[in-house]
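One chain is shown next in C-alpha cells, namely the form predicted alone.
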Amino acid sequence: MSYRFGLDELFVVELARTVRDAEVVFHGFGSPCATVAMHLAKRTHAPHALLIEGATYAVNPSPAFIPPTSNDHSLKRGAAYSMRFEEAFDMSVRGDVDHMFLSGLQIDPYGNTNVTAVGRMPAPKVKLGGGGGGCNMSATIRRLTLWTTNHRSGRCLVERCDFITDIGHLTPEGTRSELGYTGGGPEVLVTELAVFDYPDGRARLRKLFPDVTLGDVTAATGFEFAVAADLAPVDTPSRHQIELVRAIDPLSVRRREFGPAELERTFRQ
C-alpha cells in the first residue's frame, strides 16, 4: 500500500541517518528538526546513542511531544540525568561528545556557519542571537552535521560568511589543525534541496531531494561545488520511519522551520 509524506518528514529522516549507534549526540537551541531526528535515530538504527538535549542538557529523555521551545521542561521527561551547563562544555573539550547538529543563517563552502550578524562588523545590517557556545563546541566535537531549510533563498549557502560563529574546516586564519582544534569538523550538510558531504574539507553535492535538479541546487548556491560521481536521490523513507516522526512530534513543531512553499512539497511511495 502506498503512503504519502511531506518534505519536513523526509528532511528529518535524512538528518536522522547521520546519527550513528552508540555515539553521544548533541544539538543546539531552537532546533526542532534536529531534536526529532535524534529521537528518530534512537528509536530505529541507533538504539544505543546517548542523546543530550540542547537547552535542558537532559540525557536520554523520552518526551511525550516536542515543544515549540527547546527550553521546555517536557524535554527532561524520563531523562537519566540532567547535566549542568558547564558539564556539557567539559565533555566537549575532553572529546567525549561524538556528534553535534548545527545550523546557520549563512554557511560557506568549508562548513563555517554564521548565526551572529548579517553584514560586516562593526555595523552589520542585522544582529542575530549568536552561537551560545557553539563556537567552542564546534572546535572540539568529533563530527558535525549541518542543516538549513533556507537554501533555496540563495542567501544561505554563501562564498564567505559575514561572521564566523561556528568553525568549519577552513577559516581565513587557517585550517583546523593549524589552529589547534581537535574536532573533526562538518561531515554532512542537509538542506531542503540536497545533501552535501566534505570529503576534502569543502562541500560536495552528494544527494538530491526527489523533486530537485542539479540546476536548482546550482542556482541557489553562492559557491562552486564538486558533484559526486555517484550523485543519487535521497533514499525513500519507510512507512515506519514516517509514522515515528509523526509520533515523536505530534504537534508538528518541525514544520515551523520551513517556509509555506516548502511545506507544499509532498511525495508518495
Partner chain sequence: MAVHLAPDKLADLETAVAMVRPGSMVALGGGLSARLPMALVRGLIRAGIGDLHVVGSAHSLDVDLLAAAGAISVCEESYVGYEQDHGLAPAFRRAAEEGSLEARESCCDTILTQLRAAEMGLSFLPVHGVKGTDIEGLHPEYSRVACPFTGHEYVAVPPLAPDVALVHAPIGDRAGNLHIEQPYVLDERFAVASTMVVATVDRIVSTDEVARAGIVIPYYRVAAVAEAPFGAHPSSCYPGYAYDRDHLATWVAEARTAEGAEGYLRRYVTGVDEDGYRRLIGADRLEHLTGYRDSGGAWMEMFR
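These numbers come from a predicted model, not from an experiment. Positions refer to the first chain, counted from 1.
Not on display, but discussed next: the form predicted together with the partner chain.
- Given that the partner is absent here, state which listed stretch (223 to 231, 41 to 49, 59 to 67, 207 to 215) has heavy atoms within 4.5 Å of the partner chain in the model of the complex. Selected stretch: 59 to 67.
- Applying a 4.5 Å heavy atom distance criterion, does residue 191 contact the partner chain in the model of the complex? Because no heavy atom of residue 191 falls inside 4.5 Å of the partner chain in the model of the complex, the answer is no.
- in the model of the complex, does residue 127 have a heavy atom within 4.5 Å of the partner chain? Residue 127 belongs to the contact set for the partner chain.
- Query: With a 4.5 Å heavy atom cut-off, would you call residue 165 a contact of the partner chain in the model of the complex?
  - Reply: Yes, residue 165 is a contact residue.
- Message: With a cut-off of 4.5 Å between heavy atoms, is residue 148 one of the residues that contacts the partner chain in the model of the complex?
- Response: Result no; residue 148 lies far from the partner chain in the model of the complex.
- Looking at the partner chain in the model of the complex, do all three of 236, 260 and 268 come within 4.5 Å of it through at least one heavy atom? Per the other structure, none of 236, 260 and 268 touch the partner chain.
- Identify, from the list 169, 152, 76, 142, the residue with a heavy atom within 4.5 Å of the partner chain in the model of the complex. Of the listed residues, the single hit is 76.
- What residues, if any, in 73 to 90 have a non-hydrogen atom within 4.5 angstroms of the partner chain in the model of the complex? Contacts from 73 to 90: 73, 74, 76, 82, 83, 84, 85, 86, 89, 90.
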